[in-house]
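Let's start with one chain on its own, the form predicted alone, as C-alpha cells.
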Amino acid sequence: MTSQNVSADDAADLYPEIRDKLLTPAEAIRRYVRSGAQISIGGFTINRNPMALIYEIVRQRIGDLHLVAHSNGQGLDVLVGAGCVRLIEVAYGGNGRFAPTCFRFRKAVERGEVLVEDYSNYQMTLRFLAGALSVPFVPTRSGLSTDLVHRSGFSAELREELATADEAAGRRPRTPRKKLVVTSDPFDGESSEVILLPALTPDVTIIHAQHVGDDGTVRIKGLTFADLEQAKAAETVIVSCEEIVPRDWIRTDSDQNCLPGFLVDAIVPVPWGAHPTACHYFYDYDPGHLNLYRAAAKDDDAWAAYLDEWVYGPPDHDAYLARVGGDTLARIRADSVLGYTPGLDRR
C-alpha cells in the first residue's frame, strides 16, 4: 500500500488510470459543490465524517445549501454553524455524549436560521435507497403511528416554491411537494396502510473511506451506515480517503469493497480526513478536540473564534493537522487489529 502521506499530485503520477479524478480537497469542492446545491454527507455522529471536505466548503464560503443526511453530527454542525446551510432533511444531528443534540444546529433551528424536515433513521435510509434504485418513492409501514406522519418542518408553500424552481430549471424537483403520502396497501385491502416516502437524489454526496484502489474502487471498513445508498443516489460522488492502494490489494477480499470506480467522480487522498471524528482501523475520535469544540459551540463569540482558529485559519488540511499536533494524532491512532484505540481517555 502507498504511504499515507502521498499527495494528490504524487498519486496522479503513480496512478494514471484515476489521474483525472484525483483532486485536493479545495479542487474537489470548487469543481463540484455550488451554492444552492443539495448535498449529502456520509458518516454517523462522530464516525467517519468527511471533515477535510466540509472544512473546504466553509473556507470557500459556499452557502444556501440543502443538506440531506442520515444521522450526522460533527460535519452537520460545522456546516450549519458556519452559515452554509439553509435547509436540512435529517433523522438526527448529534455528537453522542459530547452533544446529544449538536449545539450550533440547535441554536440555528431555535433562531429560525435553518429549516428542518424530520424523518426517522430508517425512513432516511429508505429514501436514499429509493434514489439509488432510481424509483420515485418507496413504501414502508415504519412511522405510521408517529407524529412524523402529521407534522412537517417545510411548509406547503416552501415545497411548492422549491419544486417549481427546479422544474423551471429543467430538472426533477429535489424537494417533493409532499413530505410523504399515507395510502392503502393495494395488495392487502383498504384496511392496511403504508407510507410512501419520496426518493432522495442529491446533487453531490461526500463520503470518507479508508481505502480507494488505483482503479477507483472504494473500500469502507466497519459500519457503512447509509453512505453507500447516499453515493448511489447522487448525481456526483466525492470520496476522500486515507490511502490509495494498488488494485492487487483492493481485489484481495473483494467482498469488502463497497463502490466501483465508475460511480466516483472525485478521489481526494487526505490522511486524517475525518478528524476529529473516527476512521475505523486508522484512528479513533479525538475526545480532547470534541470537548474543545463543545465548549466553543455553546457560545457565539467562542464559536466565531473556533472557526477562525480551526477552519478559516489553516489554509488546507495539512495546516489543520499541524495545528492539531503530532502528539495528539499519535494518541488516537487506532490499533490495527481492534480498529479503535484501547485505553483512550474518552471523558
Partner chain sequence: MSDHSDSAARPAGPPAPDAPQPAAPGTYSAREMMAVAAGRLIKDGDVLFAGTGVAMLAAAVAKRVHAPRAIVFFETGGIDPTLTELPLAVADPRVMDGTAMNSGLIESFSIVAHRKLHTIAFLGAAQIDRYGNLNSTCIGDYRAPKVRFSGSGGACDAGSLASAFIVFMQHGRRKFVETLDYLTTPGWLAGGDSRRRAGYARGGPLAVVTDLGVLEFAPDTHEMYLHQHYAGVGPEQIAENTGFELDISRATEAAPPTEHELRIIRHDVDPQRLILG
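What you see is a predicted model, and the numbers here were worked out from it, not measured in a lab. Positions refer to the first chain, counted from 1.
Keep in mind the form predicted in complex with the partner chain is missing from the figure; the text below concerns it.
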ask   = Check N47, Y119 and G222: does every one of them have a heavy atom within 4.5 Å of the partner chain in the model of the complex?
value = yes
ask   = Among 252 to 260, 164 to 172, 123 to 131, 238 to 246, which stretch has residues with heavy atoms no more than 4.5 Å from the partner chain in the model of the complex?
value = 123 to 131
message = Only one of V270, L200, A209, A226 gets a heavy atom within 4.5 Å of the partner chain in the model of the complex. Which one?
response = A226
ask   = Does P100 reach the partner chain in the model of the complex if we count a contact as any heavy atom within 4.5 Å?
value = yes
ask   = Could you tell me if A28 has a non-hydrogen atom within 4.5 Å of the partner chain in the model of the complex?
value = no
task = Find out whether any non-hydrogen atom of K178 is located within 4.5 angstroms of the partner chain in the model of the complex, and reply yes or no.
result = no
request  = Please check if L196 has a heavy atom lying within 4.5 Å of any heavy atom of the partner chain in the model of the complex.
outcome  = no
note = Looking in the model of the complex, the residues of 276 to 313 with a heavy atom no more than 4.5 Å from the partner chain, listed in order, are A278, H280, D284, Y285
